[in-house]
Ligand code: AHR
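Below sits a lone chain in structure tokens, taken as the form predicted alone.
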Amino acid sequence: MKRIIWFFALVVCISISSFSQRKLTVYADKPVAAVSPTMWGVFFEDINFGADGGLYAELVKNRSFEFPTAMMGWRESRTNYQKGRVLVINKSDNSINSRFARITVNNLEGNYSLANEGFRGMGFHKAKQYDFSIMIRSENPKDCRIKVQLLNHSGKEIGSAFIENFSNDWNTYRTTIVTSDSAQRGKLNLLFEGTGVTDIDMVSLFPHDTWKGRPGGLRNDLVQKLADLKPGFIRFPGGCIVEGKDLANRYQWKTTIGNVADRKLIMNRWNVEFPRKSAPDYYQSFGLGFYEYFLLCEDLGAEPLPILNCGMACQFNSGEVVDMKELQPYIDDALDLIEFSNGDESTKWGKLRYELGHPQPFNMKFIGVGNEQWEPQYIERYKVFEKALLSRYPQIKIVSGSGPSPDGEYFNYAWKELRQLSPALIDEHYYKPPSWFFSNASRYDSYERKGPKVFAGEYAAHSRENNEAESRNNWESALAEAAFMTGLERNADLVQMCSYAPLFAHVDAWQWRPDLIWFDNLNSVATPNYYVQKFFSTNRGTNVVKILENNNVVAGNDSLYVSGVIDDKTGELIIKIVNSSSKVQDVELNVSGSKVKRQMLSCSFWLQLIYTVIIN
């Protein structure tokens, strides 16, 4: 006996009724392929101020004065030069954090201050705690103190505290401030009182309410939206920032772990990528580094998928490559990362993870070699990586790439060459108009099954846009992606990892759109595209089942797109149906001999029906 329950339906709008009835046969008792636990995940890249100014909850920009323009983000306020001044001192000792600010004040009334603007302002919530810290040494500790002020956009104080009793040696001073009001674009102000010289460094301000309460951690509301997706994996840290504009600008994971004060700041390549959206203040502090990425994966129950540079800079920029004779350090970085994640305390990098506070291994199973490189120079370098990685770690699953496009010369060449090698998955990227996604919903139904599996690593439908930042994240693009995703799910034997891209965007500091989640300094908003991803990822199931109409898969036949899975753990049959037409579709489902009839309503948007079958 089967009991069929109408589990969920979302109707966007109602149109004219269709006169023809669609009859779909669901073979719920004959699963055809397992759905990988990593089927639906997320891809994170530090673009659109996604890390600094976004997921990484630090509110102070250029906190250690290490930007090339040392005072970027900071502004002096004084009555005259004699009352106070700042010099940025460079120790020139080859240390990573070589600069600090020297404040000279002769001002008992406290009329000299330094203000930090944050990332397009600072967001303060009313009646919330904010944790301030600063490194200080003073040549005259008796007279000097600092009033730490949180100000709103108009300069009104909404919270303050004092730091005092300094010493001649560097020490970290901390205080907590509770706000009396909210501010969307506030700022931090340091008001210096007394007479003397005070050196400051690593000026930091965090909301007390970070993800899992970790000091210096991640922005709670943004991580929660990721947690709600229940991702099977997290791909990090990019994306194009892995490559860098040139090799000197590439992402190097070893410089992103350990004491945050010792992490080497670099320019974010999206700083100058688009002249129309230049962001001269966009740098990577790496407060969100590889250790934090691994912790995030662990928190969310997601497999870590780190992507490493393969000895090639971005081919859209410099196209620089490392000489093959000098490739070994890049390979060593990959080998050492596996040891950092999976090694025990007896290994060099496993011991470091232990010392950072994580004795248990992260059990990394996947590693990506390169982002979206192409042509023979990539294959030549990939071969050396693959041999070195699999000879030492034969169990590791390597993700390779097919270039920046889902077809064409570069794509065909990559697949031809990589089929002769041993990557576990090949990463395909799709940034196309909605029409492409609709017409490619059957893309994988006839794909070659021999060889590597497919990682749909970056996809987003790029529809029409207007001046509103979020304009491309609309129902048209969400509908197109939903249609395409039925094809990904239907072919889960081949397509085993999927992620939308990019993930985050600051509404006042974006470079690229569309994006899955938009945010400002106080709030975050999930897009229609986000809810499409959530519907699929939280209803993943365990096995694909066939759903046919006249013995054919339903992939655009008269504007209908269908896929289905069963969940062995819950006894559910989950059917996703997308209707891209402007007419109502009347659908009859024949589920393993039982019939249920439901009317499907849609206009130019989309509808998802999920049925639960409990088999007794």
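Numbering starts at 1 and follows the sequence shown. The model shown is predicted, which means the values in this text are computed figures rather than measured ones.
Only in words, not in the display: the form predicted in complex with alpha-L-arabinofuranose, which the text now covers.
Exercise. Does the trio Trp270, Glu458 and Ala501 actually contact alpha-L-arabinofuranose in the predicted complex, every residue with a heavy atom within 4.5 Å?
Worked result: Looking in the predicted complex, the three residues Trp270, Glu458 and Ala501 all sit within 4.5 Å of alpha-L-arabinofuranose (heavy atoms).
Exercise. Of 234 to 242, 520 to 528, 322 to 330, 379 to 387, which is the one stretch near alpha-L-arabinofuranose in the predicted complex, taking non-hydrogen atoms within 4.5 angstroms as near?
Worked result: In the other structure, the partner sits against 234 to 242.
For this session: Report the residue, out of Trp512, Phe411, Trp436, Tyr291, that has at least one non-hydrogen atom within 4.5 angstroms of alpha-L-arabinofuranose in the predicted complex.
Result: Among Trp512, Phe411, Trp436, Tyr291, a heavy atom within 4.5 Å of alpha-L-arabinofuranose in the predicted complex occurs only for Trp512.
Problem set entry | Residue (of Asn371, Thr486, Asn473, Gln284) lying close to alpha-L-arabinofuranose in the predicted complex, criterion heavy atoms within 4.5 Å | Contact check passes for Asn371.
For this session: Tell me, yes or no, whether Glu45 is in contact with alpha-L-arabinofuranose in the predicted complex, where a contact means a heavy atom of each within 4.5 Å.
Result: Answer yes; at least one heavy atom of Glu45 falls within 4.5 Å of alpha-L-arabinofuranose in the predicted complex.
For this session: Report yes if any heavy atom of Lys187 sits within 4.5 Å of a heavy atom of alpha-L-arabinofuranose in the predicted complex; otherwise report no.
Result: It does not: once alpha-L-arabinofuranose is placed as it appears in the predicted complex, Lys187 has no heavy atom within 4.5 Å of it.
Exercise. Quick one: does Tyr431 come within 4.5 Å of alpha-L-arabinofuranose in the predicted complex, counting heavy atoms only?
Worked result: Result yes; Tyr431 sits at the interface with alpha-L-arabinofuranose in the predicted complex.
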